[in-house]
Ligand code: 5GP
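Given next, in structure tokens, is a single chain: the form predicted alone.
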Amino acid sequence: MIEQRRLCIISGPSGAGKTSIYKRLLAEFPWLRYSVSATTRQARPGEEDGVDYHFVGRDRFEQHRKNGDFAEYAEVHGNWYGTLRSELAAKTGAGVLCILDIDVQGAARIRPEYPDALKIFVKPPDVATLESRLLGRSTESPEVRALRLANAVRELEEEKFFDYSVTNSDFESAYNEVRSIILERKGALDNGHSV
């Protein structure tokens, strides 16, 4: 069973810093779990199957989709990404919170199914900063970076659908803000309060 109040969706445009934030949270708190998404894209250098993503072929992804195995899925920048229900069920329960690092499309699909999940939007201070961060990624082609920037500008409009919005102009401040939000949720759940 998926305990939706123990789900924590961290979303925002590419380059906003959400991945750096959730990785630091996982390193700090042993009671946090990470929902590993499935994807059809190729692994980047240093990424590990089953840790960073479940790297699956398009045929296997399509079979999961047909079987209704995904809580959400979306095509992003030419590749498919999805959150398996089995992953969420395995990583929610008493005393833990499960972090989902999903794009804005995925968050839009998962919100109606899990309305009680904690939803945090991480955004850059401005579009110029976002562009600078995306251009600094050497793992992607210029075409992919340009596509990510165009999508990211559109994704900023989704901020209003989240419980919290955190501006990442200074990483330490943004991290501490997200950390406080998650600690508040965990404390409320562990003490039997509704959230």
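This one's a predicted model, so the numbers in the text were calculated from it and none came from an experiment. We number the residues from 1 along the sequence you see.
Not pictured, yet referred to below: the form predicted together with the ligand.
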Output flag, Ser14, Arg44 and Arg148 jointly within 4.5 Å of the ligand in the predicted complex, heavy atom basis: yes
Partner proximity in the predicted complex: Phe121 to the ligand, non-hydrogen atom cutoff 4.5 Å: no
The ligand contact in the predicted complex: Asp103, any heavy atom under 4.5 Å: yes
Non-hydrogen atom contact Thr83 with the ligand in the predicted complex at 4.5 angstroms: yes
Interface membership of Ala89, the ligand in the predicted complex, 4.5 Å heavy atom rule: no
